[in-house]
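Just one chain is shown here, as structure tokens, and it is the form predicted on its own.
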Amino acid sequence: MRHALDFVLVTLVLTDLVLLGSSRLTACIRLVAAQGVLLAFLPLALTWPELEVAAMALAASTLLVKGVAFPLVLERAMRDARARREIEPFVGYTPSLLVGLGMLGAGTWLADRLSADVVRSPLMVPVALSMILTGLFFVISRKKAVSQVLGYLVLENGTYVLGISLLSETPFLVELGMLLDVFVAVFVMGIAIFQINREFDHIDVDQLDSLKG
């Protein structure tokens, strides 16, 4: 199970890097959906072989919300906004990949300085911090509102991993509450994207600066 857990964590890092290098919004949404599927595995791995009911409930809700519901909401918002690609991000794709590698190094450096009891795998805290930093960078480096929502989801995914990794007993009710909060937030963001596109015929947030004054 330890090897399977490490494989999931490494795959999460790889999805972050591919996300930073992709311009197609559909591919980006599917990558974040894949992260949701991978995250659903974590509660089961951390309680193996007991497989507690709370862990199974959290895994099922994570899979349903992060792996299915969020992608469907964002794909519909993308179709309604008639957006297909992130054409000209604030930071180009090759520099973004380099920044992503830097985020991984920064996450590892920060994890070495945290005095905490880490469960199961020493990779969990570095990966979690790397995802949080990558999500923040994705939010500020992209112009499309859909891309910025994806960055928010990556950030929340990192917070999810960090919460599990730093606690010897995962507070499943708290995690379920976080899922509900993010679920509502993504629905609100999806509605906001649709409204912005309907009013201004685009979802490039940088063009909203023309509303000043």
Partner chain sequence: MNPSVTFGGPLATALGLVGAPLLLGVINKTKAFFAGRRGPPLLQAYFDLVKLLGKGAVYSRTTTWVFCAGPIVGLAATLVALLFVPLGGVAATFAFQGDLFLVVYLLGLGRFLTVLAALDTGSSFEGMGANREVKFATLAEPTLLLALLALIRVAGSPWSLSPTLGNISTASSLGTAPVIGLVAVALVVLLLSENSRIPVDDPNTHLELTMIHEVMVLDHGGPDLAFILYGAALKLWLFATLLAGIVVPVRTGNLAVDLGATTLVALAVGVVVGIVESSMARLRLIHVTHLLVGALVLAAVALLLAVGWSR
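Numbering follows the first chain given and starts at 1. A quick note: this is a predicted structure, and the numbers were derived from the prediction, not measured.
The same protein also has a form predicted in complex with its partner chain, omitted here; what follows describes it.
- Here is the short version: of Leu104, Val73, Ala83, Val139, the single residue with a heavy atom within 4.5 Å of its partner chain in the predicted complex is Leu104.
- The shortest heavy atom separation between Gly135 and its partner chain in the predicted complex exceeds 4.5 Å.
- In the predicted complex, its partner chain lies within 4.5 Å of some heavy atom of Asp112.
- In the predicted complex, no heavy atom of Gly92 sits within 4.5 Å of its partner chain.
- With respect to its partner chain in the predicted complex, the three residues His3, Asp6 and Leu17 uniformly fall within 4.5 angstroms at the level of their nearest heavy atom.
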